[in-house]
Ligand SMILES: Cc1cc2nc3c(=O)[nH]c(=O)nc-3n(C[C@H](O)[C@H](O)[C@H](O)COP(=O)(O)OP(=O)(O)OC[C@H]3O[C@@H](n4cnc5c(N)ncnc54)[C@H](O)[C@@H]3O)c2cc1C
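In the block that follows, a single chain appears as structure tokens, in the form predicted alone.
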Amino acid sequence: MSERVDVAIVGGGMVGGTLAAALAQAGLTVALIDRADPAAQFEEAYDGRTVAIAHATHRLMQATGLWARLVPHAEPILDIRVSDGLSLLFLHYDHRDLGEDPLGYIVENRAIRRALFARLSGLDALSVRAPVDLERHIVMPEGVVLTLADGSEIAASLLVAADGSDSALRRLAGIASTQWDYGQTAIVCTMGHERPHRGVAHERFLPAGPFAVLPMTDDPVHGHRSSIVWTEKKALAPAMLALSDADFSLELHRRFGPWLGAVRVVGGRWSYPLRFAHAETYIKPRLALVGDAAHTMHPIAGQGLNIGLRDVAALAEVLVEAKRLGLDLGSPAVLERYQRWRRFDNQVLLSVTDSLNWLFSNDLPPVRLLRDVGMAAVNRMAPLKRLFMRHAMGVVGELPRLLRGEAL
């Protein structure tokens, strides 16, 4: 069995799946290949994380037909309150300073996956091959041929690597990356609490790293809920994860305080090692990297998925325009345009989040004083604060059409 498509995408996660939806919706033929069983990705045990959907990413999800399915699962972020331990100085972002739109939304990963696969199933230009492994691929002057573990072959003009931070396709292409380990682990769980969060997201900086409390939709069983992203030193994380639910809940209360009343851990706990990685190039002959395959960042600003979907918006626009002009989708000229559009923007955000993690993940008195005074100063400078808010919303710079909410 063989298939001929415009684009083959390896990696059916949220980035790869959204790219497949955007391209197929615009009329390109697409094959989406993933080694994981799609049905397993809908279960809580597969992934208990939530993501912060920036305002521009919300527009992309509207334009690709995903958002209508996510509305019941999306909690608006109305305020963001940033504090440094027990310091009385803080930074407060209020959505009303920019208008009536929320700053973003918090959505559970599995809800996004359900919406995404429902959307993919309705696109005639798309075939989903999962669960199946990619056995090998051969790059030729006129295209790339993929052989899957079930013996089938797919011929495409372009291969897209959306296979995550440990991308096998990136390694096989010989693309090096700059990497380092933060010596930190992100502990993720859901916290039930006595009082409503009122759409407020908190980020409290502690010596081991940021402790984020992100507003979630209420649950009929557990009531008021928030997602916890707790950055801990790698050596201490296993002991925290091994605590009983009661002791773990006490640790949550000790770090966050009484703002939401009595708190308790709800459901499972997950942990993820944190590291920095940035590929030296996003493109090779007939290959493009997107999302974590191209860059892995610290979750301190909650932008990981958002910059991956900015890659999607830029690459989709470049490919759709090339198809309409009759150009070769895998040609160097087409792929160079994608790289020019995305690499600098990603490098800046990666550098900013890396610097913020260094600045806030220590307890040196001079550094602590510098950051506290800096946050208080920004909080009083309305124009600068609005600029930072617009950056966090993803609405600054040259935006692809999907991030403006427009069809390709």
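Residue positions are given as counts along the sequence shown, with the first one as 1. Worth saying up front: this structure is predicted, and the values here are computed from it rather than measured.
The following text describes the form predicted together with this ligand, which does not appear among the structures shown.
Residue in contact with this ligand in the predicted complex (any heavy atom within 4.5 Å), chosen from Arg35, Arg371, Arg69, Arg343: Arg35. Checked against this ligand in the predicted complex, the residues Gln184, Thr190, Ser157, Asn306 give one hit for a heavy atom within 4.5 Å, which is Asn306.
Heavy atoms of His197 never reach within 4.5 Å of this ligand in the predicted complex, leaving it off the interface. The shortest heavy atom separation between Pro299 and this ligand in the predicted complex is within 4.5 Å. Proximity of Ala52 to this ligand in the predicted complex falls within the 4.5 Å heavy atom cutoff. In the predicted complex, this ligand lies farther than 4.5 Å from every heavy atom of Leu91. The stretch in contact with this ligand in the predicted complex, judged by heavy atoms within 4.5 Å, is 157-165, chosen from 327-335, 157-165, 199-207, 234-242. Along 8-25, a non-hydrogen atom within 4.5 Å of this ligand in the predicted complex is carried by Val10, Gly11, Gly12, Gly13, Met14, Val15, Gly16, in order along the sequence.
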